[in-house]
Every structure is written in structure tokens, then in C-alpha cells.
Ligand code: NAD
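To begin, one chain is listed below as C-alpha cells, in the form predicted on its own.
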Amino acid sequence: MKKIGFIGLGIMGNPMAGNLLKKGYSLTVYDIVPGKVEEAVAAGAKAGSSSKDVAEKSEIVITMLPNSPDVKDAVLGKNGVLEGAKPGTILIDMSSIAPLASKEVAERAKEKGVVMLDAPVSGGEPKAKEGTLAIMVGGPQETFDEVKDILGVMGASVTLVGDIGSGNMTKLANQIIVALNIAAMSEAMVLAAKAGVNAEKVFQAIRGGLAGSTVLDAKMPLVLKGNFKPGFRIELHIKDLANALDTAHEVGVPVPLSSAVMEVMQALKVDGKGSDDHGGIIQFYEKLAKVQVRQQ
């Protein structure tokens, strides 16, 4: 088995690395939070002292970081991946970042003989733990073929979409659809609750029809319990929508519904709810209507 480096052991990265360890892969890990590294070491990983150190000890380096600047710092910065990577190293960035940033990092990596894939994921913490994420990949076919089995340890579906940047463009499309689904669910269920109809029964009645969706099935049961513990934080969805809006404007695509939901999320962040799960979008509508959607 190839030696793998894993950089970024947060809510998503920690269980993803854990699944690789369970399958017997040799993993060297690094995170700016020492406690996260210690946790992974306790599960069987080796500790890296920096992104450079991880790259020096690995044939494949996976990064799972919050945003474009974090990826650039970890890969291109001082003591970064490219300072330690040997020619032929494969870099798989599984962060959700701007497609143009992916292309920029890939170009710099190419200069060092490092091939990059952008491979963002969807499914949040629950599917990261289960190893059933949806993984959207951009990059060369031959490199994808070489690492597909590794990605398959972390994801139930692994799809090569196109060239570098395509993975993150697909993720932006995914995040628009998820955000708008949650917002639509929120509006509808708050309407039902305010009108005196049992929201749980409405959910059961519509989930098998055209309005049913994976988003509805994943988020509505949590809403009914008032459980907004983060599987995917509102503040991270704000980051993704910001990338989506910037990209849309760069290529000349109006996205009015995405812009509206972005403002809903910004209002929740100002209200101190940025760390809530994005299913907590419903709290914006509940506050306006002065009603709560909960099990009765």
C-alpha cells in the first residue's frame, strides 16, 4: 500500500483519516491543533511536524482544510507540501475551495512534478464517519484511476467530473442545491406549523413524493428535535456560497436565489448561530413567523 499523508483533522478530516487507518493504510498526519494529531496517532497514525514533513514521508498527500487560503498556505507556503514533496507525488485536495484556487495550486504543483486532483466531498460529518461521502473529482484520468480505491474508502460514490477545478465547480453546484433545499423546507414547514398543521405529519406525507429529497430526509428529523448540532456548520456553507457567488459572477451567471439564501445565512451568523448545522436555517424563518417547528 502507498504511504499516505493527511493534513487537516477537523470535523471531516478526522473521521476520513480514521477510515483509511481502519483499512490498514500507513498514514502520517498533521494539523495546526496538536490535540487532533494526538487523537489520530492514538488511532494508529504517525505524527508529522509540518505539511512539509508529511509530504517528505508520503507518496500521496491528502489535504482537508477550511478554505482556499488555508490550502494555499499548507501547500504553497513556508514548510508547505511542495517544499517536501518529491516529483511523482500525488496531491489530493479534498477541501471545498474556489475552482480558480484549485487551478492555481495545481499549476504550482505541476512545476514541482506533483500531480493534483481536486476532490471535494458532500455528506457532512455523519457520512464522513460512515465512509459514505460523495466525492467529486477533477484532474487527469490516469491519476484518478491510481487513487480511486483510496478515495473509495472514504466515499460511497467517487466520480471524475473533468479537468482540475471541475471537482470544486461540482461542489459549488451541490452546495447551491443543498442550501436552496433547506431554505425551501424551512419556509414550507414554518408555514405549516404557523397554520396549525403538524409539521412531522407534513414531512411524512410529502417525503415520498416529488418534494422528497435526501436533504429533506437528512435535515427534517433533526429540525423536529430542535437538534442543530453541527454536521455542517452554517459558517462553512456561507464560505461555499461565497465561492459560488464569486465564481458565478466571474463567468457571468446570475444566481438570485443563492444570493437570497446567502443573506439568510449571514443573518443567522450575526445572530450568533454560525456554528449551528445548516439545517438551522429554519431558525431564521421561525423567528420571523414567531413559531417553532418541533415534534408534538
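Worth saying up front: this structure is predicted, and the values here are computed from it rather than measured. Residue positions are given as counts along the sequence shown, with the first one as 1.
We do not show the form predicted in complex with the named molecule, though everything after this point is about it.
- Listed stretches are 53 to 61, 38 to 46, 238 to 246, 267 to 275; the contact stretch with the named molecule in the predicted bound form is 238 to 246, by a heavy atom cutoff of 4.5 Å.
- Candidate site formed by Met185, Val190 and Ile282: none of these residues places a non-hydrogen atom within 4.5 angstroms of the named molecule in the predicted bound form.
- Mapping the unseen interface onto this chain, Ser102 falls outside it, with no heavy atom inside 4.5 Å of the named molecule in the predicted bound form.
- Shown alone here, Ile11 lies within 4.5 Å of the named molecule in the predicted bound form, counting heavy atoms only.
- At a distance threshold of 4.5 angstroms between non-hydrogen atoms, Val121 is in contact with the named molecule in the predicted bound form.
- Shown alone here, Leu257 lies farther than 4.5 Å from the named molecule in the predicted bound form, counting heavy atoms only.
- Just one of Val223, Ala74, Ala199, Met116 comes within 4.5 Å of the named molecule in the predicted bound form, counting any heavy atom, and that one is Ala74.
- Taking the named molecule as positioned in the predicted bound form, the residues of 70 to 107 that bring a heavy atom within 4.5 Å of it are, in sequence order, Asp70, Asp73, Ala74, Ser95, Ser96.
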